[in-house]
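What follows is a single chain, given as structure tokens, in the form predicted on its own.
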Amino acid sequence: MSAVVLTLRDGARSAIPIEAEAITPDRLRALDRAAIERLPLQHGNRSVALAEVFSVAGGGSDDLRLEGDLSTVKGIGAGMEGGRVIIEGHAGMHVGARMRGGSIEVRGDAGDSAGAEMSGGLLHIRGNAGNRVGSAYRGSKFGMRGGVILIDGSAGHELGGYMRRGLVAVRGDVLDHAGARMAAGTLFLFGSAGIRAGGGMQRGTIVCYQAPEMLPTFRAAGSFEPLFVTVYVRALVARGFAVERFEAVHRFARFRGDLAELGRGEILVAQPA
């Protein structure tokens, strides 16, 4: 069957967010066009049929494309286990949240909590991302538990907060508290980092290509040439993540911390030749 294409209708965008957790490849692949059009979405305090918000083409496929400015459409791909989603524009909050497999490509910006608590799959944001990408929801013990998040632009506060496993790479700058209370996992920050990076982290690795303002609870632990960093960067370049100029950086200063917690995490700071 042909790919499912959902196009935001003229006038459907409003200041009231549309809750779109029903829009996942897992669910749509078993439905024909008419059944897709009847799917319920939540718009404020009322339930609306998907056809009121989107025009629908195709059906019976786990290859899904969404078109239009979806910056107020929340939860696209949330909890998905497989298939592919391409968003031709901006995406709202919670895109790819708790996803377990498959891939999502956002060809624009994404709102807050993108990839929150995801455990598998690939989320690639071609523009900028909001706060708490790959992080935990309030009250949860862990954030991202696996999978990969790539951000071509910049990201907001608390990137990878409470992260348990997985990889997040950001080409641009990130704001404060990146990697806060990480339990494991890896962050690659190719731009600048805000204050308190790694605050409260127990384990895990933050790789910085610009020296961050280091918390006093981190201690210098020499410098070395970590092979895994070279492997990761080459893999990112192979995926089309444009960080080729960093392939020549091999030596990093290592800082252990956060010593106010378990203290088995590390921040690696690039030392260009």
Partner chain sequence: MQIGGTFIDDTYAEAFTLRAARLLITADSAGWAETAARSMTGFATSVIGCGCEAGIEGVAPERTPDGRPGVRVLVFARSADDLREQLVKRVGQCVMTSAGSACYDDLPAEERVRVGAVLRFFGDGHQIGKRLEAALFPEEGARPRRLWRIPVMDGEFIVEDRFGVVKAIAGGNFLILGASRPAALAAAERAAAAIRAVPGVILPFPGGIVRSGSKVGSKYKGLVASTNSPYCPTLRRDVQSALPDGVESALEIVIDGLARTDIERAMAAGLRAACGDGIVRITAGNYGGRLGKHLFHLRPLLGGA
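Numbering follows the first chain given and starts at 1. These numbers come from a predicted model, not from an experiment.
The discussion below concerns the form predicted in complex with its partner chain, not included here.
> So which of Ser55, Thr230, Thr217, Gln42 gets a non-hydrogen atom within 4.5 Å of its partner chain in the predicted bound form?
Selected residue: Thr230.
> Among Gly75, Gly111, Gly147, Gly200, which has at least one heavy atom within 4.5 Å of its partner chain in the predicted bound form?
Flagged contact: Gly147.
> Since the partner isn't included here, can you check whether its partner chain sits close to all of Gly82, Ile125 and Arg171 in the predicted bound form (heavy atom within 4.5 Å for each)?
Zero of three within 4.5 Å in the predicted bound form.
> Any of the heavy atoms of Leu236 lying within 4.5 Å of its partner chain in the predicted bound form?
Result yes; Leu236 sits at the interface with its partner chain in the predicted bound form.
> Is there a heavy atom of Arg254 lying 4.5 Å or less from a heavy atom of its partner chain in the predicted bound form?
Yes, Arg254 sits close enough to its partner chain in the predicted bound form that at least one of its heavy atoms falls within 4.5 Å.
> Can you tell me if Glu247 lies within 4.5 angstroms of its partner chain in the predicted bound form, counting non-hydrogen atoms only?
Output for Glu247 is yes: heavy atoms within 4.5 Å of its partner chain.
> Determine whether any heavy atom of Leu167 comes within 4.5 Å of a heavy atom of its partner chain in the predicted bound form, and answer yes or no.
Contact check for Leu167: yes, within 4.5 Å of its partner chain in the predicted bound form.
> Of the listed stretches (129-137, 88-96, 114-122, 191-199), which one has a non-hydrogen atom within 4.5 Å of its partner chain in the predicted bound form?
Of the stretches listed, the one contacting the partner is 114-122.
> Could you list which residues of 254-269 come within 4.5 Å of its partner chain in the predicted bound form, counting heavy atoms only?
Stretch hits, in order: Arg254, Arg264, Glu266.
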